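Single chain ahead, by itself, as structure tokens, in the form predicted alone.
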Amino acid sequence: MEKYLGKKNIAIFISGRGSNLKSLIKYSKKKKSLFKIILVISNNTKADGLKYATKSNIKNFGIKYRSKSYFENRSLKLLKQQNLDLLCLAGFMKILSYSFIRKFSKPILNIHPSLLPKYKGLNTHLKALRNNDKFAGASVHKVNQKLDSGKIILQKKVKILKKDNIKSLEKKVLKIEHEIYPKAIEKFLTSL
């Protein structure tokens, strides 16, 4: 336990395969990492990311998404039981209510697959391709009451090639998501 001395405790919300979660877990195990993942919660009880959290000995819960308030109330109870410094959304496909953000009262970060403020919400790769953008990318931002509108912590872009389609672009952007999310979390934690 001693090697985690001084590390900040974070929880992660996921919805699916958990590829950003895996990358964050891997990074958090490095000696120089500033954070430790102590809790993973998913709105999808069958999310692959939960299996990965279990394999990594991280407490995790799948909460059936009966309604937004049901999910948020159950999650808040679990979050409040931990001594958390930060909540990170990693492929979490639901929008948190302002009430949840207020009640949680600690910072929340999200990773979004576009160069914000461009293309908030869903279908970001399709929008970038349709608009013949030269670049796509990923942004890590602080969560506030407006969708994908909080202060940007870190961004990175990738070139869109003529041969790119939604799948290939998604793959390229995901790769940089894995690269920038841990860095953004550390940058944010050192600014607290």
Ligand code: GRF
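This is a predicted model, so every value here is computed, not measured. So that there is no doubt, residue numbering starts at 1 and follows the sequence shown.
What comes next is about the form predicted together with the ligand, which is not displayed.
Proximity of L174 to the ligand in the predicted complex falls within the 4.5 Å heavy atom cutoff. None of the heavy atoms of L76 is located within 4.5 Å of the ligand in the predicted complex. Mapping the unseen interface onto this chain, S19 counts among the residues with a heavy atom inside 4.5 Å of the ligand in the predicted complex. Mapping the unseen interface onto this chain, I111 counts among the residues with a heavy atom inside 4.5 Å of the ligand in the predicted complex.
In the predicted complex, A90, G91, M93 are the residues of 72-93 with at least one heavy atom within 4.5 Å of the ligand, listed from first to last.
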